[in-house]
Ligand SMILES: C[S@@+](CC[C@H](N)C(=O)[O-])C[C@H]1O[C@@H](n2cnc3c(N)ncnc32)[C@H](O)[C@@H]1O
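A single chain, nothing else alongside it, follows as structure tokens in the form predicted alone.
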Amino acid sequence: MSAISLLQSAELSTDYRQQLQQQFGLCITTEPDGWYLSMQQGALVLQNSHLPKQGAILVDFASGASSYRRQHGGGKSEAIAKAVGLNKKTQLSVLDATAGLGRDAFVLASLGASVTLVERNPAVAALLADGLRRAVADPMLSSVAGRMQLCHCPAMQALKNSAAVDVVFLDPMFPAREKSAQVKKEMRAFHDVVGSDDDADNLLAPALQLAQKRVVVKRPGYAGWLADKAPTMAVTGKNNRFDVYVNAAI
């Protein structure tokens, strides 16, 4: 997988370009070829020069879907909240070792958890950082964003070097069966840009070592257990299953 470039444009300030280059090692381009990052209407987005109908992918915690879920979602009765233990205690520390576009991390932070988002891919980490930058500046989201911090490194490194946390959350890349256009769009981008999480099974053991309370693994309903290890319990959501490995009571 070749490195993702950052498009030089009038909308991308010199200071921000240098910040993104320094933090995520992005190279600059004026003629993108394939996947690239660019600034559009104040947000960093991921696009493909060969797929004009693909549309831009970005991290937007103020989007309709994120806002609706934050304001009208199941709250503590949501499957993810029950799996993580936020139905019992809100102020939990969570390490999301495979953060992706940060949607689950945002839900957990909305419910009161302090979440560290770990993302190894530089392009996706840059999208996350930009989404958090805009969320911090949004009065409606700043308190939630304040409970989220980004760590750009491999999941294994974070699991082995982090201070102890209450919960480790894992959502490794898994081939999607969903047929919706939105899922297809984002999953195609992610498989192209990120590749597959071939090392996902190796994350469970260090996750269990780090988590003081529990490890939660998000899986499609049809998927097997991570590392073929049976969980303590499972919480089933609409489209996913959360396998819970309990180390101690919350």
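Numbering starts at 1 and follows the sequence shown. Keep in mind it's a predicted model, so treat the numbers as computed, not measured.
Absent from the display: the form predicted together with the ligand. The rest refers to it.
Here is the short version: of L141, V124, L86, L132, the single residue with a heavy atom within 4.5 Å of the ligand in the model of the complex is V124. Every member of the trio G102, V118 and C153 reaches the ligand in the model of the complex with some non-hydrogen atom inside 4.5 Å. Of the heavy atoms in A189, none are within 4.5 Å of the ligand in the model of the complex. Contact annotation: D60 falls outside 4.5 Å of the ligand in the model of the complex, judged by heavy atom distances. Within this chain, D171 lines the site of the ligand in the model of the complex, having a heavy atom no more than 4.5 Å away. Taking the partner from the other structure, the ligand in the model of the complex has no heavy atom within 4.5 Å of any heavy atom of L108. Contact with the ligand, judged by heavy atoms within 4.5 Å in the model of the complex, is confined among 50-58, 35-43, 208-216, 192-200 to 192-200.
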